[in-house]
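Just the one chain here, laid out as structure tokens, in the form predicted on its own.
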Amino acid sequence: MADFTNQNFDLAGKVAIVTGAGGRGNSIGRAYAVALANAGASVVVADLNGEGAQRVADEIQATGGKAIAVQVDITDTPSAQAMADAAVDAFGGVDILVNNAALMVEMGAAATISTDRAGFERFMAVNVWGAINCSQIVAPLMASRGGGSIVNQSSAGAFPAQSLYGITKLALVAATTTLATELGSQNIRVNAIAPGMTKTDAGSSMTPDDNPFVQSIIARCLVQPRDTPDALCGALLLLVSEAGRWMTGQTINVDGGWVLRY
């Protein structure tokens, strides 16, 4: 029996894909990609915005990390397959998939009661099917390397869901437990992170302090209502490293105590 050390968080030799990693400014996806690279992983920075993905990959490379940029539409199977193929070509395989890409700002404050079918299907396609699609493609690659880790990006806004965005993120929690059940025999762990109100460009535009709903959340949080994207990276590194090898089918809330679960 080996003693636990910080080496359990080391990702040297691992290959990670992070979707939605080249988006707006100080995004969560960028923070995830940088954190994985800093822990030693080779990172595929994937985003619908190819230029944004390249900027983040360049940033990682400038500090000595290994990264490539890939433009991807996660809802399109050939596009997601090309992303996985690029990971194999560049780094030899895939060990980690972070399904971070999602629509949020694009959903605005659309009320579910008045959302048409086309809008609903678009949001579900990106926020739920996109994660399943990428997982389907990457899982065999992970299995061929003895296992791996998938992390889905949910939201504190799913507990309980009170918006169309929340509906999609709660559905992603269900996808997490289902994929964990189906892939466990292949030593592929599937978990989720549910961030609270994060200080990103996108998050700040959606949760202004003067919004009554936001004020109610601020009043509920036990330690602090907001934090920067790097505050989520500790949970990510736990879930994708040897340190979290006994965890699967779980959703970790990182939100200052907004959501209390037992």
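Just so it is clear, the model here is predicted, and its values are computed rather than measured. Residue indices: 1-based, along the sequence shown.
One more form of this protein, predicted together with a small molecule, exists but is not displayed; see below.
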Among the candidates 94, 72, 151, 164, the residue which, in the model of the complex, approaches the small molecule to within 4.5 Å (heavy atoms):
72
Pick from 68, 48, 221, 235: which residue has any heavy atom within 4.5 angstroms of the small molecule in the model of the complex?
48
Are any of the heavy atoms in residue 102 no more than 4.5 Å from a heavy atom of the small molecule in the model of the complex?
yes
Contact label in the model of the complex: residue 43 to the small molecule, heavy atom within 4.5 Å
no
So in the model of the complex, does residue 28 come within 4.5 Å of the small molecule, heavy atom to heavy atom?
yes
Does at least one non-hydrogen atom of residue 197 fall within 4.5 angstroms of the small molecule in the model of the complex?
yes
Looking at 137-145, 110-118, 154-162, 181-189, which lies within 4.5 angstroms of the small molecule in the model of the complex, counting heavy atoms?
154-162
